[in-house]
Ligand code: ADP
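Next comes just one chain, in C-alpha cells: the form predicted alone.
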Amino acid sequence: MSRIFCIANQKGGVGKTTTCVNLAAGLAKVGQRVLLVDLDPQGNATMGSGVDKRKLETNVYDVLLESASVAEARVRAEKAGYDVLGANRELAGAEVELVGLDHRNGRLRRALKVAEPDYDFVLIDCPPSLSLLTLNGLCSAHGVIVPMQCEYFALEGLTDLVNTIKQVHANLNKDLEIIGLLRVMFDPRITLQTQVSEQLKAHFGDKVFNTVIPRNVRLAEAPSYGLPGVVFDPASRGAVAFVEFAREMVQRLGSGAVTT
C-alpha cells in the first residue's frame, strides 16, 4: 500500500512546492515509486517537475470531476524519475464545480485508491489556503508533512495548521496526523532561527525531522530550468539534504529498501 502525504502549510512562501518536488525526486533517487499530485491551480509543482502545464491534455481537474482516472491523467517526469498528476488554471474552476457535487471532499481519495498499488509514496502539493482543494488533499492523506522556516510568524501559522488538521481528523479523515515538521531555508548563523529550531524540538520532540534543509540558491534556481534541485545540481547542499530527507522518510516509515 502506498503512503499518501500532503505537503501543507497555511502560510505562503515557506517552500511547500520546493519541498514537494525535491522530496519526490529524492524518493525516486533512493528507489521508491512516486506520484506527485499538484493541487495548486498555479501549477508550480507541475512545471518544477519538467512537465509543461499548458500542454496537459488531462490533469487533476479531470480526476476530481471523475472524467478521467489517475492512470489516464498522470504523466512521467522523465528527468526527475516520478509520475505527475498535473495542474493548471483549469483547476481554479474546480472549486466552484465541486460545491454542488456529492462526496466533494473525498473525490481525490477515491481516485488515488485505484492507483495505490502503483506507488510507494504519493505526495500532494496543497495550495496555501483552506479550500475544497486542500480538503480533498487532507481527506486523501495518511499524514501531513509541514515545511516551515524557523521564524516567529511561522510558529503562529503552525498553530493554525495544527487546529485545521485536528478538525479534519475529527470530522473527515480519522487517519490524518502530522507526520513531521521539516525545517527549511535554515541558516544556522541567524540566532533567532537556531532558537526557534530548539523550541520546535522541545515542543514537538520526534515529530521534528532530523534532516534540516539549508538555505540554498541552487534550489531556488532549479524551477526556472524545469527541474527539481535534486536533479538540477545533485551535489548542491540543498539537493544532498533532500536526498537525506528522503532516506529518513523511508526509514521512519519502513517503506521498503533504500538504494544508495
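Small disclaimer: the values here were computed from a predicted structure and weren't measured. Numbers follow the displayed sequence, beginning with 1.
Another form exists, predicted in complex with this ligand; not displayed. Remarks below refer to it.
- Query: For the chain shown here without its partner, which stretch in 51-59, 193-201, 26-34, 207-215 has non-hydrogen atoms within 4.5 angstroms of this ligand in the model of the complex?
  - Reply: Of the options given, it is 207-215.
- Identify whether this ligand in the model of the complex is within 4.5 Å of every residue in the set G43, T46 and L85, based on non-hydrogen atoms. Looking in the model of the complex, the three residues G43, T46 and L85 all stay beyond 4.5 Å of this ligand (heavy atoms).
- Answer yes if any heavy atom of A111 is within 4.5 Å of a heavy atom of this ligand in the model of the complex; otherwise answer no. Residue-level check for A111: no, no contact with this ligand.
- Query: For R247, is any heavy atom within 4.5 Å of this ligand in the model of the complex, or not?
  - Reply: Close contact is absent here: in the model of the complex, R247 is far from this ligand, nothing within 4.5 Å, heavy atoms only.
- Query: Quick one: is V230 in contact with this ligand in the model of the complex, heavy atoms, 4.5 Å cut-off?
  - Reply: No.
- Item | Partner contact for M185 in the model of the complex: this ligand, 4.5 angstroms, heavy atom | It does: once this ligand is placed as it appears in the model of the complex, M185 has a heavy atom within 4.5 Å of it.
- Item | Residues from 15-46 in contact with this ligand (non-hydrogen atom within 4.5 Å) in the model of the complex | Going through 15-46 in order - heavy atoms within 4.5 Å of this ligand in the model of the complex - the hits are G15, K16, T17, T18.
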